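Okay, so we've got the same protein chain twice, two forms, each given alone as structure tokens, structure 1 and structure 2.
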Structure 1
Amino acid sequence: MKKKVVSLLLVAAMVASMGCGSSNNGGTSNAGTSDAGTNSGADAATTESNEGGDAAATDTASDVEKPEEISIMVDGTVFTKENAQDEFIAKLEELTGIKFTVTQPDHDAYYDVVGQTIASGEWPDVMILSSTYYAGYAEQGVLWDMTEAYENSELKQRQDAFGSTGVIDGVRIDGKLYGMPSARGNGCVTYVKKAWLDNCGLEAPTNYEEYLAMLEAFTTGDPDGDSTNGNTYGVSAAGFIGTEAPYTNYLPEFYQDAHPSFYLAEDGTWKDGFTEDAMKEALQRMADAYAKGVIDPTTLTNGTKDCRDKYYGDEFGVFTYWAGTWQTNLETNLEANGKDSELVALAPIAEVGQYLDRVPPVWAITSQCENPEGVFKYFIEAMQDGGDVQFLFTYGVEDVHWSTKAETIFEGEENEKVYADGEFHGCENLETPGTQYTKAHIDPMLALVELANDPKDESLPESTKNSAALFNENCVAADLVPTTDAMSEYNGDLTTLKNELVANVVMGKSTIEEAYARYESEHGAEWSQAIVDSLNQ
């Protein structure tokens, strides 16, 4: 049976293509999809002018027709209207000489709208897709094969020279490319409020016993020193299980070595980790912690923005979220809310071992696009030109998202910052006053092409650099999973059943034994085995 490389929830993409799409809140960022690692909009920063790089506005001799207009569908990883999207697009149009029409659904509902759009038959020229949906749409013929265009492009040369070949190879499907990452995938690290640790007389945990003790202290004690604050919780997350690979991102200390879905075992065979003892042990850990009250009870329905807002309000103390720039964003927003802002980024506890680096989202050209070669050359390539357009996608618009002017930001406030003439810095966030932009769509710490005159070394806070370094030193790439006919047929219903069983066990609505009995009786075990058999043929 023919296999194609995809990430785990392929059938979710199939469902989306039938018109009802699954919502993805796996990483809400104010600027891009899957907060996951890209940060934008409300918690980001950008730049527009980059001397020394080749700007995409400069047309080169080519037999590829330059498009007059390109329609794009984007999530929150691209600046929203509230964060000066109009100015961003105007600058992009100035640099490229192309008109852009933007469709931007609400970030948490993005994949619902993508599914509805595909079902309608009226497709944009380009859309951002997480790895989950990318593979499914590629298989269905929704996406244009950009392999030849990429192999003959200057973009490939730039990425190869920067050591990014492995990232690109990681999104190939049967050796072909149907989408282009703009950055590495990134992953999550666990952030703990240092003031809460200090108030509870605790050190950063190094194993699960210490981790759980910390959660209990944050829940039952007075970690924030504010007796009027009401209930606090140890930890919260956007769901008990993630909506995209690797699914364990937001609660790694509970999952440890468990795999909620299919993975490649050390013996070279594919297995469904949901059926293994490690998963049952993970469920028991979460159920016990939930019963003790240390997990925020709204975790089941939280989106990532819900979690961020609660974190800024000191409603909980431990938040596993994206490495790098997001540590700075979290600290800045805590400060803006009058809270102690110092965070401790944890190395993986002993039982976790390594954090997981996700497969990156991609920009994909749809097969309805009338001039895909032109869109690839003048938009996809331009986004990583090493010059002005990449600078725009990395930092935003000058004097809107970033500046080098001498100025004082937040004058008279506790977080007042003074910048000298020529000193690169983020402007005050338009959507979240009291905070600064830190980046745009492309995280400078995750870039795939060297950016000329990149100010990141001077402008990025040490917390961002340290968080990224900690993750890079303690991560392993998440598994990619082949797709088969059996997976396409069964994995959608199987995933829905698994997610419901996980929620029921964690919230005490059923025992583990009852959940797995239902897994058997409602065909879960049968569907799972059919998929495993097809993967191992």
Structure 2
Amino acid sequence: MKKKVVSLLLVAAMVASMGCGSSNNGGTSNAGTSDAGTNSGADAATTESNEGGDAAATDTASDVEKPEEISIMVDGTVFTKENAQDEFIAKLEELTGIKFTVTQPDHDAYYDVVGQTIASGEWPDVMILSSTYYAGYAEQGVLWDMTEAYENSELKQRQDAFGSTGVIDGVRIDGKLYGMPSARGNGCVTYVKKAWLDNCGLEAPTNYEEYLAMLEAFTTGDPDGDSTNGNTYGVSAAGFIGTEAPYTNYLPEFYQDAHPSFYLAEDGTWKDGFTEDAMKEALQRMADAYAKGVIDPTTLTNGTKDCRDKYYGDEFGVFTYWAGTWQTNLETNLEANGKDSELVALAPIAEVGQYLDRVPPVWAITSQCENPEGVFKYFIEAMQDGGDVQFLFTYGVEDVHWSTKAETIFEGEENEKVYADGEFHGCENLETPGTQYTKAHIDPMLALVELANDPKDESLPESTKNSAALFNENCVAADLVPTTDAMSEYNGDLTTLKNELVANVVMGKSTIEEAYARYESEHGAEWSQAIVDSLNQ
């Protein structure tokens, strides 16, 4: 009898231990496979509930409470109401099991509203911030330090495995993380009209001399083949200097190694590149080119839309603009305007070396959030889970933003796109009929984590993929400039002065010497030094 009891107990113990083991295995394997993305938060919770888990990550996770509700403040990079935001959020809530309250001000006024919200003292749990506001708010203690949560997270492993470590390091402030980018910042690539190159008998330029020769040929010759010489320009841009860091984005071939503003030098100190020789040489290059007429004379007053319209109208041939999707957009619009649409995305010329990848916007958790660890784990981390939630943030909701059903989409009256059953494609844009959705919040070409079953290979046009690949292979991350009190005090005036001097030199209104003499006499050097000192403190 005793033997029977003992044997029964032993069998029961064995069965129980087998059950525990299989349950543990299930949790671990789920996390490691592509399916982990499916409700990764729920998977983690399952793992946590298992006794005897020995991984440190599991121990940490078991302390993290899942938030019931998260308030988020987002800009127009997340679907707007007109673009089925309600369906997007409903799906997000279904996947995460969390209720979301969304505040989405008008995209153009987003940072006005962010400032007002912060000043009001009623902060959302999470908000999207550009690099300037991110650094400033982190400095002021508005943002929760997510460094520890990140270092112990599976997100870090996923990003490291995908080669995204550098992007994350680029948004660290004194080694700490206060926000999480959902994608790379992206940057600009120089596009040249292939037909114009062919008409002028030129190859794609590889250095500044060839680049300038190309601009001259485009300006003085007949690159558009309308039998009239000299009725086109080489290059155009929205202003001679950008309105946000890194400022040189739209005319990189002229700026080359110049820094119009503050940058981190190789010796680890902050410097203002405006007074350096590299900047003066850049100004001279632009002034010479402007005097020769190869830069569109209306560059000063152009907005980006003006430039695009002129590009579509074959008024100029070289346009430095965003990598990836925009190459396809430019080509589509050129075609729609009856122009030769093929564009050559230039590798950076020798003097440029690498394009600049701007500091990406981040999702930041505010320090007023009651459960920041939970928000990080179940929302920020889930957004890049490599699975369903990331898919949602990349492509949107099935049959609303994307579909695999057979259908025909008309782009304009003549251009129809026929999709077979099972073929992944973007649905027709709800706000702008006649166009299709290409992405949701995360650009698939800029993702920081590999997305399982990513349909980008079949869904994205070759030109988009090639342009993005070219940029990714030839870019370096721009510096995240911290903010200081001196910067708040002087940089508004300093930037205004710098921009005015750049415009005057390029347009031949003053010489470089006169401009820099004015820079000295109007306190530019003094303000700049005060900011540099504050950055190096």
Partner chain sequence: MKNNKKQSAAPSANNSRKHLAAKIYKYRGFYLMFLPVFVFAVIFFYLPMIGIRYAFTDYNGIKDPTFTGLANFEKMFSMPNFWSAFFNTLQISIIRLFLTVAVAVIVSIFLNEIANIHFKKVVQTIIYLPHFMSWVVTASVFSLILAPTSQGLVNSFLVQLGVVSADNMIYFLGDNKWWRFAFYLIGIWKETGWQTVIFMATLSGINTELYEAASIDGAGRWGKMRYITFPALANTILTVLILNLAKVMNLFESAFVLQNDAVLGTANVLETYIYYQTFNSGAIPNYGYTTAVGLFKSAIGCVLVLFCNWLSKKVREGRGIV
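Remember, it's a predicted structure, so these values are computed and weren't measured experimentally. Quick note, the numbers are simply positions in structure 1, starting from 1.
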Review point. Pick one: which is the form predicted alone?
Key: 1
Practice item. Check whether Val294 and Thr243 fall in the same rigid part when the chain is split into two rigid parts between structures 1 and 2. Key: yes
Check your understanding: Across the change between structures 1 and 2, how many whole degrees of rotation does the smaller rigid part show against the larger?
Key -> 25
